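A single chain, nothing else alongside it, follows as structure tokens in the form predicted alone.
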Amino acid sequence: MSSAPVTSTDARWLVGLLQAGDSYYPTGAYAHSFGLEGLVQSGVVRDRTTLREFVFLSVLPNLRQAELPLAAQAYAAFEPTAPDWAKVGELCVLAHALKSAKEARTATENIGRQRAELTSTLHAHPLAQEYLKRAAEAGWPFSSAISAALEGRVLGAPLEAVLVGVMYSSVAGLLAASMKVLRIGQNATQTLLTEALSQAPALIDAASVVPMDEIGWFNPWLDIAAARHETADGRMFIS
């Protein structure tokens, strides 16, 4: 995002990204804790201190090494005048391969599909329509990060703003879920959110230069908790 005064063009994509990042936007993301509920059930995350450790030692590194680089690479591949569809397909497959746990793959598939279809429905943009057509023909799996890049391109948003949107929705969604599975209030989660978002400039700078063959982040503890969560006797979230 430039530091120049906001123009009417900036306002168009700004309101679009605000709409897409709101919990009111029906991607289904609100129904997922992205592994947090499984970690709470296993006793790994139990209070604000351990929640903060999870955010800073797992969530932010995963954003820096996986979700944000995927979105950045997809943003480049979705260049409106000359989309690189072969690379888009490769990124879709990679995004799924990086999700070891079935619940995580299902979550990104459902959220990514819904966001891509919403983008096409709401904006009737040829780029979104062509992506859905090619994904159906080639059987590409959907990804929330790649669909975020697609929507950013359709809105005409710059890369940095798209990555900020991905980071905000990921961390804010997780912390909103934490209030349902932990004894923690809004003030405690908002201070954590503020602290996490302060890392955005460094995180986005680092993620923007991760080459495609170095994209990835692995947390076996999170994957084991997600696998256990899949067969738990009771659960509030889908993942």
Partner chain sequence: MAQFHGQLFLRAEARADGQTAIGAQAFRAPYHVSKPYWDTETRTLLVQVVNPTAGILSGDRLESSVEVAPGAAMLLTTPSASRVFKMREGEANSTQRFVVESGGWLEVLPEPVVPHRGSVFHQRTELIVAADGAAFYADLLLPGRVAHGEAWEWKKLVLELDVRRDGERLLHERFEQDGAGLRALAALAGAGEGACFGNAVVIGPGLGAETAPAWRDQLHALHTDGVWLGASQLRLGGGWSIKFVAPDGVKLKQTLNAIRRILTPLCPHLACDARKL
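Numbering follows the first chain given and starts at 1. Given the structure is predicted, the values throughout are model-derived calculations rather than measurements.
The form predicted in complex with the partner chain exists for this protein as well; it is not shown, and the discussion that follows is about that form.
- The stretch from 170 to 178, 25 to 33, 190 to 198, 207 to 215 that comes within 4.5 Å of the partner chain in the predicted complex, counting heavy atoms only, is 207 to 215.
- Within this chain, K102 lines the site of the partner chain in the predicted complex, having a heavy atom no more than 4.5 Å away.
- Contact check for I184: no non-hydrogen atom falls within 4.5 Å of the partner chain in the predicted complex.
- Within this chain, D10 is remote from the site of the partner chain in the predicted complex, having no heavy atom within 4.5 Å.
- By the criterion of a heavy atom within 4.5 Å, Q19 is excluded from the residues contacting the partner chain in the predicted complex.
- For the three residues S42, V93 and P141, a heavy atom within 4.5 Å of the partner chain turns up in the predicted complex in every case.
- Put simply, of A86, A136, A97, A124 only one has a heavy atom within 4.5 Å of the partner chain in the predicted complex, and it is A97.
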